[in-house]
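Okay, so here's just one chain, in structure tokens, the form predicted on its own.
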Amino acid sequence: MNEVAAPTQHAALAARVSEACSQAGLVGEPHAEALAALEAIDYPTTRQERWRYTRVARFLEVAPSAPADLTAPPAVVGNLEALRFTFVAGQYINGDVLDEGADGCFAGPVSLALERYPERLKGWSKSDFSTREWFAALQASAPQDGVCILVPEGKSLPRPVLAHHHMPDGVHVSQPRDLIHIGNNAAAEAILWSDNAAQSAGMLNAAITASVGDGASLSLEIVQDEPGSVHHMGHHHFTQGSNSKLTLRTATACAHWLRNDLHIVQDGTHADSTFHGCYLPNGRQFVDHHTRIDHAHPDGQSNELYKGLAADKSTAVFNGKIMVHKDAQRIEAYQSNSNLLLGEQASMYSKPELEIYADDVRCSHGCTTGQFDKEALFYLRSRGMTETAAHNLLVQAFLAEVLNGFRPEIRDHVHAVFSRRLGWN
């Protein structure tokens, strides 16, 4: 049944979210355009194609309270040497701030960057989503703290940055925003990690805005390990310059309800984008990945690979779009989505899309959804494996193409979470 939100309902939700975030502490001024968009944009329903399988009526019931306990959670991947920053319910707790001055590298909370270097954030730190999507406009209307990475031309960060976003027990709303700006011929590596306490609920409405300059390189790994009952909405917007390299890997290890909206714009020639992801909903969980890449200039490349598992009565959604603009010749773009259904009542909806307005391109997309290969299972069973062990081995092999691209510390953690949830051990 399609849900229809009365105007007063979503206006009331926006007011509750704004009040809760204001009480906890906003970071920066709300964008005027976002406030206007919040009034003008319709609340999403399943009648809209982009939200056909994504039901958001339950968001209207969220009644958040201010978190009383802002204790820092345990560190994640403690064996990884990195510049670490911790945020709880959208508030900065602690971190290893790197500040080399107005002409040097900066890694720290957005609140500190706005205080010290507001001029360096102008002109690029507003997400395109905030004027087109209701939840993105909501996030920009009451933004909270996140990590800010600024790397000037020709420089590199000495260590990776690890930003840990945590939702504590209770019903809360968090609207963090992470800002990343990599100057021309500069480089950085970062990890954005979100997790929740076991008794957490409410909404995490997060935004990532990144700009990668000409000849620059950004490697970003996103880990979403979220037990509890939090509804997570993510808006990730990346812009690339000429000859830039973006590598983006997303592992949705655990989530009650999650939607990632990813938009990459190649705003220069010879840009290169790699974005891979994996996901595993089980029980009655819901995971939705919506991606779009705009090849706006000639000679760009992109490689997209998402692999998912859906177990029990869960639902997974993948919608990926490759857009090749007019005169963006000699584009090479590849998209692949593969899924395994591990439960007879699990659902998977996949929609790969190509929209091409240039005539000299090499683009392809593909989608497969199915169950275990019976011949492979028979072969493994004939070699002495139990049925469970054979299933587990095939699942691990299925995910390896994506998981092996992560740094070992993250790969091992995600593998351990999947192992625990699927009983590989």
Partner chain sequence: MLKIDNLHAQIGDTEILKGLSLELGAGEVHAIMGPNGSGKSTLASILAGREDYEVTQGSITFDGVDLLELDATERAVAGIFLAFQYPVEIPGVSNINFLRTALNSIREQREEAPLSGKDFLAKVKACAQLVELDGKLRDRSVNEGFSGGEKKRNEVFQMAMLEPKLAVLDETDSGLDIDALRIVAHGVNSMRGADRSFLVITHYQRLLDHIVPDFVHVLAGGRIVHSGGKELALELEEKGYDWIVDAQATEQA
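Everything numeric in this text was worked out from a predicted model, so none of it was measured. Residue numbers count along the first chain shown, from 1.
This protein has a second form, the form predicted in complex with the partner chain, left out of what is shown; the following refers to that one.
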query: Proximity of residue 384 to the partner chain in the predicted complex, heavy atoms at 4.5 Å; finding: yes
query: Residue contact check: residue 362 to the partner chain in the predicted complex, 4.5 Å heavy atom; finding: no
query: Contact flag, residue 396 vs the partner chain in the predicted complex, heavy atom cut 4.5 Å; finding: yes
query: 4.5 Å heavy atom contact, residue 375 to the partner chain in the predicted complex; finding: yes
query: Answer range among 54-62, 24-32, 387-395, 37-45 for contact with the partner chain, defined in the predicted complex as heavy atoms within 4.5 Å; finding: 387-395
query: Contact residue in the predicted complex, from 367, 70, 380, 356 (heavy atom within 4.5 Å of the partner chain); finding: 380
